[in-house]
Structures are given as structure tokens and as C-alpha cells.
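Taking the form predicted alone, here's one chain by itself in C-alpha cells.
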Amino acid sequence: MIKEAMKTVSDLWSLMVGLKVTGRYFLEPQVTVRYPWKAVDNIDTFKGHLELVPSKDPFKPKCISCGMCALACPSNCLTVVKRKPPKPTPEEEKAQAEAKANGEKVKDKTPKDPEKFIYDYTLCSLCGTCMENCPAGALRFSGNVYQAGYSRNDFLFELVAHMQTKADASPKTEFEPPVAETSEA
């Protein structure tokens, strides 16, 4: 009987502690934004899906296809597909053979940018390890807070193609987010 009374007191004390926490947060202003009725105003701090950083040419990424990002990723959400070397012409083959015979180093003419850069956002934990390990600084978080989809495939991105379509799009055709409401007091 004493044990039951002690358990009841302990349960009531636990309930009172929980109600104290609830009461404290009940009186604070609401933090949740009820989109689309009100727009988010702190988009600068948002971490969206990964995107490639363009080089001086907006259609080519800074990526050098080293694969360090994919190796470092704990979620295995990145796949880097390197470009294949171009077929050398007969004259180039002859020059390469002569260079090898003379002991000279033959320069690799394979483009460094990736053919494909596949990113599965459904697996990503947004830890940033890939960006920390990228020697070229070719990855960044996007600020796309309006990303939505109906299936898992909507969150499977081919980042090279995504970057090129983004470079093609004019600013007038992109989606304009709603303007944040201002409180008039």
C-alpha cells in the first residue's frame, strides 16, 4: 500500500513537471509559420538540397570528379560519374606513342567536370561532410525552401543537368515566393 502511494506521488510529480514545461511554452509567441498564409522570413539560414557551384562558365561545375564527396558521405547519397576520355585521332595516337617511347609524360585530355552527379535527397542527412571534403569547393546547400514532390523519385537529382537548366532559366521565369507579412502595430 505504501509502494502504491509512493508511485502515485511520483506520477503526480512527473505530471506537474510536464505541465510546468507546457505552461511555460504555452505563453510564448508561436514559432511555427503557417505557410502559405504567412511566408518564412529566415530563408538565409535554410539548408536545402545540395547543388553544384558553377565555375566561371555557368554551364560547367567547379567539380573535378575526384569523388571525395561520395567517399566521405555517411549516407551514401552521392554518385559521381566521370567523363570518358575522347577518342584520339590517328595523329594524336601516333604523337602519344612517340611521347611514350621518348619517356615523356602524356597529358590526359579527359574533361575534369563530371558527366553525371547523382544526388538522392531522401537519403541525405544534411551534415555537410561532402562540402567539407570537396577540394574544389564545388558543393553548397541550396536555399530552395519550396521543394516539394509526390514520390521519392522527385527527390533524386542529377545535379549537372539541374545546374545547367538553372543557368538557362531567366530570373523572370523562376518561381517568386510570397512576400513575408509585416505586422502593423
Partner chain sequence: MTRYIDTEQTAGDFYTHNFAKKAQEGTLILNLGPQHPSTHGVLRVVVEMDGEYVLRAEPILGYLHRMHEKMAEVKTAAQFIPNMGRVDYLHAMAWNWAFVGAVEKIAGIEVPERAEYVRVITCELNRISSHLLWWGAYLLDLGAFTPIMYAFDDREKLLDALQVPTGSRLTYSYFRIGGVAQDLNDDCLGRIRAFIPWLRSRMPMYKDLVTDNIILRKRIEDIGVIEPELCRRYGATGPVARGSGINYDVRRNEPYGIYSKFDFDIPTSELKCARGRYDVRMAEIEQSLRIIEQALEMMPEGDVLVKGAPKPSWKVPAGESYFAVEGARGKIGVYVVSDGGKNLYRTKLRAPGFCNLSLFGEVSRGTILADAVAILGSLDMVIPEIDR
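Keep in mind it's a predicted model, so treat the numbers as computed, not measured. Positions refer to the first chain, counted from 1.
Unshown form predicted together with the partner chain; subsequent notes refer to it.
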Contact residue in the model of the complex, from Asn133, Thr122, Ser142, Gln147 (heavy atom within 4.5 Å of the partner chain): Asn133
To verify the annotation, which of these, Gly103, Pro90, Pro74, Pro85, has a non-hydrogen atom within 4.5 Å of the partner chain in the model of the complex? Pro74
Interface stretch in the model of the complex with the partner chain - options 36-44, 112-120, 57-65, 149-157, non-hydrogen atom within 4.5 Å: 36-44
Non-hydrogen atom contact Val53 with the partner chain in the model of the complex at 4.5 angstroms: no
4.5 Å heavy atom contact, Thr165 and the partner chain in the model of the complex: no
So in the model of the complex, is the partner chain close enough to Ala169 to count as touching (4.5 Å, heavy atoms)? no
Proximity of Val17 to the partner chain in the model of the complex, heavy atoms at 4.5 Å: yes
